[in-house]
Structures are given as structure tokens and as C-alpha cells.
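Taking the form predicted alone, here's one chain by itself in C-alpha cells.
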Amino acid sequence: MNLTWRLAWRNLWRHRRRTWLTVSAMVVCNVLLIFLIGLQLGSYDVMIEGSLGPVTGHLQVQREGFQEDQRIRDSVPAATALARTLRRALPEAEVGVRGTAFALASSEARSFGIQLQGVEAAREPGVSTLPGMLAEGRYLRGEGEEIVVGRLLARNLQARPGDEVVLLGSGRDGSMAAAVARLVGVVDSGVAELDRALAQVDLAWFQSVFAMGDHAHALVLRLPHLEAVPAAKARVQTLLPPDSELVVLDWDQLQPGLRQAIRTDMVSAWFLYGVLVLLVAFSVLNTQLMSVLERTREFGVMLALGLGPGRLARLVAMETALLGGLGLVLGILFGTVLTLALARWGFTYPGMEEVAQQFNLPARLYPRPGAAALLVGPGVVFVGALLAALYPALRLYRLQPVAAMRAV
């Protein structure tokens, strides 16, 4: 067997230029796959953070059933005290308390239905990116009768910072909730649905207007990174009061469509990756087929001397395995160096900074190095190269010794 491997290695270098061209194609494909997969995974992190940043957060503690119906009565009791407990247990997490109610907002000109949130003004910047997306005015300061609205809602109400907004709704106890707030800021999240309906006020004032007492509707947690979510979710679950109707929801449960969008994008991306793999496979097929055709007389002599076609087919398979292995090792080496460098310094393209600034996102993308990015793509290329060698190897089973020795 060692002799067969040595013979296969020697045969590769009969035509050095052709071998290096094929290996180069595999290396370039592997480097591209490693870079693109790593960049894709890194962009998903930015996509998830960008989607969760304005409102959702990584985790939320809610009353069971509130996520589906969002009834004002489905509230979290002693929310502020529970938030203090979570902050002590999870010092790495930012924790904010929110109340939510549906109300009618009216200006001097128009009225529109809105989703009103009561937030802790001092802590909201830690759990949400909305405070950093101001288009006009300023954010809440916890001073009571102040309101911040989305850009489209402000336009629909024909209201500007300094104007008064009348709020009408229903309190938690069924009473009429009515108040007047002064518009102090307009946010532009870039998400039309959010900018059209969302408004925020100070939590204490919200609890007073809507007869909430010490109740709220969600405790929002933001963690340093997505990988910390499962452990934090399990930890928070143990801190909830026993026999309570509270549940801990992670970002996947809060925004189920987000993972589906990622899966759809991955399918379309793998279609492109599949085209790259096919191109390399045809390159290997062409190289090995030419190699077999050039050695037809040699194979005919070996068959005439009693060597079985199976051993010749294994020889061709070994040559392909060595060719693919060389491309695999070099591709992983160069691809890893490129990915690690970009993971440290980041990657950007023209126009990205303006888009990132608009949505309060990082101005650079950082590929995520890992087993999936470094091994899956090159592994598929290696398997594709081996499969491409099947046809040249199977041709040897139909080779006739006399006819092969007469080949020119």
C-alpha cells in the first residue's frame, strides 16, 4: 500500500503545471468558502443584534401568554424588585423594566393608535439602541410627563418636539387612563412598523397613569454576546418566584421569524457555494480524465501483466485524494490566516458606514472563525473532488489490454 501511495504521488508531478493549476483552483475555492462562510456567520451576528437592539433584547421575563395577546392585565408583579435581583445575579447583563399599553395619541391635528411603552430612562440605553437613534430633540430623562415617538408617528401626528400629545387608554384595573405629555424627541429606527406606532414614556409616570402599581410587563435583558443567552436563560429561570406564572423567553421565541430569515439566507448562500464546488469538481475531473487518457498504453501494459482494473482505479483515487488533500491543507491554512486577520481588524465596503450609522450598528463586519467556517466548505470541496474522480476510475474497468496498448 505504501508503494501505491508513493506511485500515486509521483504520478501527480508528471505534469507539474497542470497539478498546480488544479490545486490552485481548489485553494482559491477553499479560501473563498472559508472567508464567505465566516463573513456570513459574522453578518448574522450583526443582523440579530440589529433586529433585537431597538426593542426585543436577548431575553425577556414576561407573564405567561403576554407575548401572544399583550393584555395589560398580564403583568409582572414587583417588577423593579425582581430586576434588582437579576442585576445582582447577572452582573454582566443589562436589565431594564418596561410596561406596555395600547393607547390613542392625539395632537392638535390628528389622532392615531400607538403602542405605548413605559421605560426606565436611565437604564433603557443599556438594553435598547433606540435612545441612540434620535432624529430630533432628546431622549427621556425620567422627568415624568415626557414622550418620545417614532419618526413616522411624529409625521402622522404633525407634531414636533415641544408639542403636547394627549394619551387615552385603559388602565390595568379597567379605569380610564388619560394624560398629557410633552414631545421631547423623535427617533428614527429605520423600521417603518416601529417608527409608525411606538412611543415611550417614563416608567414611573406610565405606572401612575395606567394604574399599574409596582407591576410592569417585561424585564428586558441584554447580554454581552449571543453565546451567553442559553446559560443566562437557565440562570434567570431559577431566580423567578416559585409557582409564579412568569416565563423566560429568548430572542428566538420573541422573534421567531428572525431565525427563519437566517435559514432562508443560508440556503441561497449555499446555492452559490455549490456552484463554486461544482467548478472545482469539474476542474479535478478534467485533470484526472486527461491523466487517465494519457496513460492508456501504460495501463494496458499493466493489465496485460495481470494487474486488475480495481487496483488501477484505486491508484487514480489515491492520486485524487492526494490532489484534494493538498488543496485542502493549503486552502485551510490560507483561509484561516485571512479569516483570523479580518476577525481582528474587521471588514467594510464603500457605503457601509453610512448605513451602519443610520441603524446604530457597527461600521465594520467581523467574520466569525470556527469549525463551521474553517472545515465545512473545504470538506465539501474535498468530497466533491473525490466524487469527480469516479468517472475516470470507472473507465479503467472497461479498458481492454490489447486495444489500450495500441492506443496512440
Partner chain sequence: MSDIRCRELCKTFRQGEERITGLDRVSIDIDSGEFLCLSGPSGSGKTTLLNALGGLDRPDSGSITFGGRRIDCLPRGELADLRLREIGFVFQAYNLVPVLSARENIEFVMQVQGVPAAERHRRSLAILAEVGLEGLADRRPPAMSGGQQQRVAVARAIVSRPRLVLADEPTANLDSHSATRLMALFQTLNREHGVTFVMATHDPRVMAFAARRVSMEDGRIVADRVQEPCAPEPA
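No experiment lies behind these values; they were computed from the predicted model shown. The term rigid core refers to the maximal set of C-alpha atoms that superpose within 1.5 Å between the two forms. Positions refer to the first chain, counted from 1.
Keep in mind that the form predicted together with its partner chain is missing from the display, and what follows is about it.
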Which is the contacting stretch out of 138 to 146, 302 to 310, 221 to 229, 193 to 201, given heavy atoms within 4.5 Å of its partner chain in the model of the complex? 302 to 310
Assess the spot marked by 43, 233 and 343: is its partner chain within 4.5 Å of a heavy atom from every one of these residues in the model of the complex? no
Hey, in the model of the complex, is residue 84 touching its partner chain, heavy atoms inside 4.5 Å? no
Does residue 182 reach its partner chain in the model of the complex if we count a contact as any heavy atom within 4.5 Å? no
Residue 386: heavy atom within 4.5 Å of its partner chain in the model of the complex? no
At 4.5 Å between heavy atoms, is residue 399 in contact with its partner chain in the model of the complex? yes
Could you pull out the residues of 267 to 297 that have any heavy atom within 4.5 Å of its partner chain in the model of the complex? 297
Could you check whether the CA atom of residue 306 moves 2 Å or more between this form and the one not shown, using the rigid core for the fit? yes
Kindly check if the Cα atom of residue 396 is displaced 2 angstroms or more between this form and the one not shown relative to the superposed rigid core. yes
